[in-house]
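One chain is shown next in structure tokens, namely the form predicted alone.
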Amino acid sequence: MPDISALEPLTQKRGIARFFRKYGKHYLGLAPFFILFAVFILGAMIYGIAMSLTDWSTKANAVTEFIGLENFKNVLTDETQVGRRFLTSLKNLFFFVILAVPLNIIIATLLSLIVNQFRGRAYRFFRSAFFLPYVAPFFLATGVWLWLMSPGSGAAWTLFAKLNIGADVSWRTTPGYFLALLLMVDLWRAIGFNMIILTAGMKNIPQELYEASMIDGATTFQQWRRITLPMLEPVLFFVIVNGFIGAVQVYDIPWVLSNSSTLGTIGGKSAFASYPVMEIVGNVYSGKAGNLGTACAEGVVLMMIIMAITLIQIIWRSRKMREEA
């Protein structure tokens, strides 16, 4: 039998050449994205992790020294002012996320069910009207609500005052009311995006399923529970994960609402209105010499939180899909 082992390298080379002739142009088209991702996302992330292990100051002629996990110890314990503020911001973030994400999904789903009942111009009008706040800049959306909540004259403030809600307090400086104001601004701005995604998902549900269920005598609620929600599950998963990631990175709205400008005033007294990204920015620009190492450590902690909870969501959904298969 002839020995063909000597031909194997030649065959492999021809196979590789054939592969690149067939798919090379496609990978070449994707190359700019991967290059930009490697440089500006992956590279920056690795650089930030490395800098979190150093004493990195913005002070002129400052020497950057490797200090190991010292920055993480400072930001994750209440033994330092930086740590106390960062832990407080994480606590504020926890309450914001557990309220903002579910409310966003629930309201967006209900709006999608309502808007999906319209056709033609009415459908396009309501879809655009709800989506419009999402395209507005953060500071503009916040400014609109500051105007609506102006004490004594704002339309929203007047309505709440008639309901005997917050008429005698400052919403921007009172912890509980500040969270309520933050939720209103965030929901008003973000719901439109989720509504558009969910409405598009509903449009892809075959109408034959609804027609068959009507023949079987199913009610509207039964159709929503047995058809709409199960068929929307992939879209809902995307909306939940995306909403969680966006909520964890909240920054612009509480920054403007709390009128934060320097580290001493970020988040108001006792940092009741401070959130992790605000603390990161504060540590970068604090005083004459910002501590970039501390800011990077806080950023790494926030990144790990996002990655951990997102991974949990993905694993949970994968197990659920295997159980249903």
Partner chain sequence: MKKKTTGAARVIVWVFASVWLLVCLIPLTQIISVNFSTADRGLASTFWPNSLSAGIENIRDAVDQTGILPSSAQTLIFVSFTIVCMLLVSALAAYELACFRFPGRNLLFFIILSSMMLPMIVYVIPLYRFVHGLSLSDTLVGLAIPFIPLAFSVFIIRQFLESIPKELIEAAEIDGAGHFTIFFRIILPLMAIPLLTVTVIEFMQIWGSFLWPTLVSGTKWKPLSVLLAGLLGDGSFLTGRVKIAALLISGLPPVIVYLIFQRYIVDGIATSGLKG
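A quick note: this is a predicted structure, and the numbers were derived from the prediction, not measured. Residue numbers count along the first chain shown, from 1. Between two forms, the rigid core is the largest collection of C-alphas that superpose within 1.5 Å.
Not pictured, yet referred to below: the form predicted in complex with its partner chain.
The three marked residues, Val82, Leu90 and Phe95, fail to reach its partner chain in the predicted complex, with no heavy atom of any inside 4.5 Å. Among residues of the shown chain, Phe20 is not one whose heavy atoms approach its partner chain to within 4.5 Å in the predicted complex.
In the predicted complex, its partner chain sits within 4.5 Å of a heavy atom of Gly48. Using a 4.5 Å cutoff between non-hydrogen atoms, Thr54 does not count as a contact of its partner chain in the predicted complex. Although the partner is absent here, Pro32 is a contact residue: one of its heavy atoms lies within 4.5 angstroms of its partner chain in the predicted complex. Residue heavy atoms within 4.5 Å of its partner chain in the predicted complex occur in exactly one stretch of 161-169, 174-182, 141-149, 72-80, and that stretch is 141-149. This chain appears without its partner; in the predicted complex, the one residue of Ile106, Ala212, Leu229, Val135 with a heavy atom within 4.5 Å of its partner chain is Val135. Residues His26, Tyr27, Leu28, Gly29, Leu30, Pro32, Phe33, Phe34, Leu36, Phe37, Val39, Phe40, Ile41, Ala44, Met45, Tyr47, Gly48 are the members of 26-49 with a non-hydrogen atom no more than 4.5 angstroms from its partner chain in the predicted complex. In the core-superposed comparison between this form and the one not shown, Phe37 has its Cα shifted by at least 2 Å. After superposition on the rigid core, the Cα atom of Tyr27 is displaced by 2 Å or more between this form and the one not shown.
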